[in-house]
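What follows is one chain in structure tokens, specifically the form predicted on its own.
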Amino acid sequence: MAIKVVKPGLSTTVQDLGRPGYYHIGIPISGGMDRFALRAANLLVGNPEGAAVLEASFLGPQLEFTADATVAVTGAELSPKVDGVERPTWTSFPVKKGQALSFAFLKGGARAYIAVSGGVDVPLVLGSRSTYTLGALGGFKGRKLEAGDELRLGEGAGASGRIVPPALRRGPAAPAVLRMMPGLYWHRITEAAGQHFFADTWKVAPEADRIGYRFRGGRPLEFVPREPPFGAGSDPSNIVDACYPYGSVQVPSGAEPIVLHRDAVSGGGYFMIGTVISADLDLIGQLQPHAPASFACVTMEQALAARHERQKQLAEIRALF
């Protein structure tokens, strides 16, 4: 063993880049909510980008190290402390055998990524070490960490003293702007409702987790009158069941948008007004409850350009090390 969990924090799970290829049978990709921060944390300690890390939400864990290791914390501004001495985020630093890693109070963002040299060594399940808690799948016994858990680490030399400069760090603006492509069911709302959806400022609701983020505060959507098709249900937001892509935006009863995220269900009977682009899904994972946000309409060309820009930013971090 190399890490003993003294205090688990609010919700700390093992995550990597997820398990693609099983969504069609109802098993989501899971993995880090902020994949950019997860990759950067691994690069800082000398791991492969997809190595398993710890994802800590809002409140960090307290960990006791039973072997020397190199650690880096990225994502949320959740400052790490080694035996009570604060260390910077987005920087790799050594932790010696017998030392404790703990965290200060959250200063910004929502999820921190704790990478340790060698990666967290839990069994592969369907090709991934990520935790899908709803299905009790992967990670450490299919659940979030608890006090007394002991984690193994893989082999890794570590690389202390690496820094991702502030210009290459990524987090949401205030208010956050989430770029979205209108979807197949956009025609189900009126033109005025579509304009209001993009013009309004929304706020993250308390019901925001790895399955999906709910937003509230904007004007309710108005629907184009129709005769519900067989099997769709009477609510105007109902459809005959369809598949849900990651990032898809549901608006049950036209009231509160829900953006589906890494642990989302794969299909259902709510219409989708559109899909948040892949380049901005990481930003959603860093939004706190009550944080303001707006949606911006983009084209496919703009979405692809945003993805290219994010890949370019990652390439610049790789080039540093």
Partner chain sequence: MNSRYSYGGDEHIFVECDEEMSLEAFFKSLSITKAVKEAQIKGVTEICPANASFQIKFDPDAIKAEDLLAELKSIEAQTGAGVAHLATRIIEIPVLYNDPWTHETLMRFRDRHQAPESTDIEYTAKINHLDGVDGFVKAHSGAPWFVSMVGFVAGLPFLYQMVERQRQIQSPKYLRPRTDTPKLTVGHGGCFGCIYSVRGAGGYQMFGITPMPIYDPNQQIKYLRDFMCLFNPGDIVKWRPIERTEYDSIVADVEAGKYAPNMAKVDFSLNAFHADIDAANAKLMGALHGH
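Positions refer to the first chain, counted from 1. Nothing here was measured: the structure is a model prediction, and the numbers come from that model.
If you look for the form predicted in complex with the partner chain, you will not find it shown, but the lines that follow are about it.
Original post:
Do heavy atoms from each of 128, 156 and 320 fall within 4.5 Å of the partner chain in the predicted bound form?
Top reply: No: no residue has a heavy atom within 4.5 Å of the partner.
**OP:** Please pick, from 242, 168, 82, 176, the one residue with any non-hydrogen atom lying within 4.5 angstroms of the partner chain in the predicted bound form.
**Re:** None of the others qualify; the residue that does is 242.
**OP:** Scan 181, 193, 205, 122 and let me know which has any heavy atom within 4.5 Å of the partner chain in the predicted bound form.
**Re:** Partner contact (heavy atom, 4.5 Å) among the options: 181.
Original post:
Any chance residue 100 has a heavy atom within 4.5 Å of the partner chain in the predicted bound form?
Top reply: Residue 100: no, not in contact with the partner chain in the predicted bound form.
Original post:
Do residue 292 and the partner chain come within 4.5 Å of each other in the predicted bound form, heavy atoms counted?
Top reply: No, residue 292 sits far enough from the partner chain in the predicted bound form that none of its heavy atoms falls within 4.5 Å.
Original post:
Does the partner chain get within 4.5 angstroms of any non-hydrogen atom of residue 199 in the predicted bound form?
Top reply: No.
Original post:
Would residue 185 show up as a contact with the partner chain in the predicted bound form if we use heavy atoms at 4.5 Å?
Top reply: Although the partner chain is absent here, residue 185 would touch it in the predicted bound form, with heavy atoms inside 4.5 Å.
**OP:** Counting only non-hydrogen atoms, choose the one of 267 to 275, 54 to 62, 41 to 49, 282 to 290 that falls within 4.5 Å of the partner chain in the predicted bound form.
**Re:** Partner-contacting stretch among the options: 267 to 275.
**OP:** Between 280 to 319 and the partner chain in the predicted bound form, list the residues on our side with a heavy atom within 4.5 Å.
**Re:** Read in sequence order, the residues that approach the partner chain (within 4.5 Å, in the predicted bound form) are 300, 303, 304, 307, 308, 311.
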